[in-house]
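First, one chain by itself in structure tokens, the form predicted on its own.
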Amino acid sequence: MKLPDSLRPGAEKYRKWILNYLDIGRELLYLSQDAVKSIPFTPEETRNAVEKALIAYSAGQVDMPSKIGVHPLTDTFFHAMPAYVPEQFAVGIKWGSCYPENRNNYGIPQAQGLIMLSDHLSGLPLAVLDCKYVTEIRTAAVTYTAIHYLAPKNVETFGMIGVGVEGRQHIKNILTVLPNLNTIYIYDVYEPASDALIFDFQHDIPVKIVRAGSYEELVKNAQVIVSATVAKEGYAPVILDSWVSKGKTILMCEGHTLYEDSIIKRSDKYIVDSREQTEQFKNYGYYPFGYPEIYAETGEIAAGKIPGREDPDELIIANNFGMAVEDMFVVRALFDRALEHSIGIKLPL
């Protein structure tokens, strides 16, 4: 995809604006994780940027090949995720990894990586930033977008499977899309993570947070279920078909790792963020039994082209594995805000 002639003047104007803050070609902006977190950017702005990204992708308005990966150790990966968004004048790549044993081995989070943002008119680098926080907030925003269009009205119970960094981010602002909640169920195989979340969040969230004793307890009690765990190799489901009743909304951030295949196959609507990317991950072996007919992409539903939930009894499953275009929409906004607020360190090229 190339920059349309109609957008060229805007692109040149944007580049000149950047030059007020950054000497393109002589320096780049480095943003550590703490620096990224300090940029003033609200959850509402994040969700708005992500929804636009989903819509733009499904409308064919971006250039984004499916993420490619290498897998150095069992259940680990590095993903290379490039994307170009002409209307945002944003082009870049995320190099992200997931090492589930990091906590046990090194006392650090499982997800690591960097994002590079470049000037699409010259090819010069503009910024390098830590990707962990960007991934946290944009992944939760994708889930919130899907919930908005797919969950039944007046949901009172929500379940979060996996309450590490990503799970905590999901719970932090869940009331913005599910305002009628009275109970949040959480479950993590690492029990101290659940205890820590309740200790840290309960006094700020006006909803009862319950530590479920098992996957089964959470799945049976929650109307909307989100999982943010690890995309493991092979097929070893821990959530059984008999636990999942009609009317539930299940949103996955890690593919089909946790769920019996029959749950997926009997869903009334199966939604993905990217048909192309889902097909590629099937080739990697993530879906050994294939996947059901895809009803729609999340962006098609957000754009109003295809209906979301139409019946309260529908079992709806959304498999949003994450896309680089989401990162680019958010990073472009964060980069601009960082320049305006003099956040980050300028490094020589």
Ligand SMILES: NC(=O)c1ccc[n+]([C@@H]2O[C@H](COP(=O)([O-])OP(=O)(O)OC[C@H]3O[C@@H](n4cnc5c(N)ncnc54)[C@H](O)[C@@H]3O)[C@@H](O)[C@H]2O)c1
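Numbers for residues come from their place in the sequence shown, where the first is 1. Since the model is a prediction, treat every value here as computed from it, not as a measurement.
The same protein also has a form predicted in complex with this ligand, omitted here; what follows describes it.
Exactly one listed residue, out of 110, 262, 202, 221, brings a non-hydrogen atom to within 4.5 Å of this ligand in the predicted complex: 110. A single residue from the set 193, 147, 209, 244 has any heavy atom within 4.5 angstroms of this ligand in the predicted complex; that residue is 193.
Using a 4.5 angstroms limit between non-hydrogen atoms, residue 272 is distant from this ligand in the predicted complex.
This ligand is not shown here, but in the predicted complex it comes within 4.5 Å of a heavy atom of residue 320.
None of the heavy atoms of residue 266 is located within 4.5 Å of this ligand in the predicted complex. In the predicted complex, residue 77 approaches this ligand with a heavy atom inside 4.5 Å. Not one of 82, 114 and 128 comes within 4.5 Å of this ligand in the predicted complex, counting any heavy atom.
Partner contact region in the predicted complex: 249 to 257, out of 249 to 257, 171 to 179, 116 to 124, 149 to 157, criterion any non-hydrogen atom within 4.5 Å of this ligand. Residues of 59 to 74 placing a heavy atom within 4.5 Å of this ligand in the predicted complex: none.
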